[in-house]
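Coming up is one lone chain in structure tokens, specifically the form predicted on its own.
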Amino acid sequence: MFARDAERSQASLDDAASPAAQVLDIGCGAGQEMLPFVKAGAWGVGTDIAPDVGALGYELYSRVGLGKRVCFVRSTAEHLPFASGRFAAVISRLALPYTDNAQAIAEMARVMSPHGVLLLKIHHAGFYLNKAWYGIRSGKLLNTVHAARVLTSGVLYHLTGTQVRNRIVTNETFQTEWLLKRELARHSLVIRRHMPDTNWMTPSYVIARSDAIPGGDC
């Protein structure tokens, strides 16, 4: 669907500060989010923890004649096997909730070029509140239990500044803009603006280095 959505594709390109020579998609799935950049001439790299990472991606890119412009690597967001400052555009859409947030953001900041951008989409608390309510209404109580565990994890993270990750609570957490700004500031990153597809349950942000933006944080 994203590959066929010209408006969404153009929005991603517009949100980049300049044409990206190399783009990284973290938690890439089929790598569709970096397709606009690759079509514009960039080299695309997708990472995912899935054992079959790249299987769908190579199929997608080969179908549009760009199979030689991408590669896929199995890795976690917390340990990216790339040189510092390599990517002009880093994409992470809905992967952050499942990671050690502080470490994943540190790695995203490390691999971004000095004037690069991070296109980030998160799960807000509202996403899990909606899931909990759906579970109650539909009788699918496992959905409600899961949402309650994630909300508990997220509240602890917000209050203590430390993300609890274990089997009792859950390895998953939500983010808020307040929390995100706190984590980004540790690496001199700021939110530049919201992306066009942002919404109250899954906000989307364009993030850049504070010293690369006239006037700093928006």
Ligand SMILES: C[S@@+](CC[C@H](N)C(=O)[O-])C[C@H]1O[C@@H](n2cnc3c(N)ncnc32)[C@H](O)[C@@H]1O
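The numbering used is simple: start at 1 and walk along the sequence shown. Remember, predicted model here, so these are calculated numbers, not experimental data.
Just so it is clear, the following notes concern the form predicted together with the named molecule, a form of the same protein that is not shown.
TODO: Would you mind picking the one in L66, V155, A50, A185 that has a heavy atom within 4.5 Å of the named molecule in the predicted bound form?
DONE: The option sitting close enough to the partner is A50.
TODO: Answer for Y98 alone: is it within 4.5 Å of the named molecule in the predicted bound form, judged on heavy atom distances?
DONE: Yes - in the predicted bound form, heavy atoms of Y98 and the named molecule come within 4.5 Å of each other.
Open item on the list: I'd like to know whether A102 contacts the named molecule in the predicted bound form, with contact meaning heavy atoms within 4.5 angstroms.
Closed with: Contact check for A102: no, nothing within 4.5 Å of the named molecule in the predicted bound form.
Open item on the list: Would you classify Q175 as touching the named molecule in the predicted bound form, given a 4.5 Å non-hydrogen atom cut-off?
Closed with: Answer no; every heavy atom of Q175 is more than 4.5 Å from the named molecule in the predicted bound form.
Task: 4.5 angstroms heavy atom contact with the named molecule in the predicted bound form for C71 - done: Residue-level check for C71: no, no contact with the named molecule.
- [ ] Assess the spot marked by L120, Q163 and L179: is the named molecule within 4.5 Å of a heavy atom from every one of these residues in the predicted bound form?
- [x] Result no, not one residue of the spot touches the named molecule.
Task: Options 106 to 114, 129 to 137, 77 to 85, 142 to 150; stretch whose heavy atom lies within 4.5 Å of the named molecule in the predicted bound form - done: It is the stretch 77 to 85.
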